[in-house]
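This document opens with one chain alone, in structure tokens, the form predicted alone.
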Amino acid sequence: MKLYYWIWVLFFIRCTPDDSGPGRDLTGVRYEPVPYELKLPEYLEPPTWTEEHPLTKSGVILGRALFYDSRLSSNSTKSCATCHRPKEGFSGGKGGGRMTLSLINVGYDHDNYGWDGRWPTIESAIDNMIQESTYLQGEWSEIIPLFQEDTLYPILFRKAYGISNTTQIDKEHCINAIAQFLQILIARNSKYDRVVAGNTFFSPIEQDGADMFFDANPLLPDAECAHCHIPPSFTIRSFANNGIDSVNRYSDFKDAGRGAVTHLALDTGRFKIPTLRNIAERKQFMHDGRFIQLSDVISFYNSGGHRFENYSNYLHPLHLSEYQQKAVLSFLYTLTDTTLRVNPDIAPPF
């Protein structure tokens, strides 16, 4: 049975006045955790995070509610979904001069979360994104009492973690639940996936784009994409200077990127290579959102970018014709899983 059914059932549960407030006993609520089945295609392994932290239906339900809840922010005006917008590939917002990284397939990342890789684990990323002033600016000392005193949330926490009293709700439970929800944001039903599964075929222009993307046809030029964007997540989860900024020295970079974390000159101007999954749903592109059309991104890479000593070796003028650029663009559109944002397990519950 779909998660949306259960969360709406839980929303209709009401507690008597004598049972509300801090210190409420929850042992009357049944705790029977049920594993959450991801139902992935054969070529997709489960996210590695789930090996140590198994997903449960109740954990995902709780994480989903928290992801869309504005009470995580300092003034209750923003939620995780404010910047990680489902209709924009779970990206779209901007903070601190940077675009919001897509959360699609984030469960396959192993470490170094964020554009500059400052957070070593998914838990630390969630914790800091909630607390930092650039993002939600939430205070756990203010957030936790809200959930402890809420009518619905103690039931959700009990079902997810088996706590016996509302006083046991803490930030670790919140972070773990959100992390569970993020694990199910997996693109698996795009046209690309259906082609890989043998259920359909690319159109001629999409096939040409795929051949250039993967350098699979000697009669077509190599678009040099697959060095950094490897399936199934279409990223190598590393960092690169993609030549987007014209600089003469490292101090010229307006944003040091990875270099601000490692303090290594060669990392200056390097940023996380994002997934291309659902890239066509986004409204702005590059780490600073400077391009508003995906075709502008292709045109930029076709130009070869701006050379510098830590510039990626795969960048050079590609000399793709107008048709060939359109073909690459057509292939990128096949990476969009339109079912992801309308999946009832993922869509806003409120």
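Everything numeric in this text was worked out from a predicted model, so none of it was measured. Numbering starts at 1 and runs along the sequence shown.
There is also a form predicted together with a small molecule; it is not shown, and the following applies to it.
The stretch from 93-101, 196-204, 161-169, 144-152 that comes within 4.5 Å of the small molecule in the predicted complex, counting heavy atoms only, is 93-101. In the predicted complex, the small molecule lies within 4.5 Å of some heavy atom of Ile273. Contact annotation: Pro232 falls outside 4.5 Å of the small molecule in the predicted complex, judged by heavy atom distances.
Contact annotation for Val297: at least one heavy atom lies within 4.5 Å of the small molecule in the predicted complex.
Shown alone here, Tyr301 lies within 4.5 Å of the small molecule in the predicted complex, counting heavy atoms only.
The listed set Arg188, Arg71, Lys191, Arg118 contains one residue whose heavy atoms approach the small molecule in the predicted complex to within 4.5 Å, identified as Arg118. In summary, among the residues Cys228, Ala256, Val247, Leu220, the only one with a non-hydrogen atom within 4.5 Å of the small molecule in the predicted complex is Cys228.
For the three marked residues, Leu182, Ala240 and Leu318, a heavy atom of each sits within 4.5 Å of the small molecule in the predicted complex.
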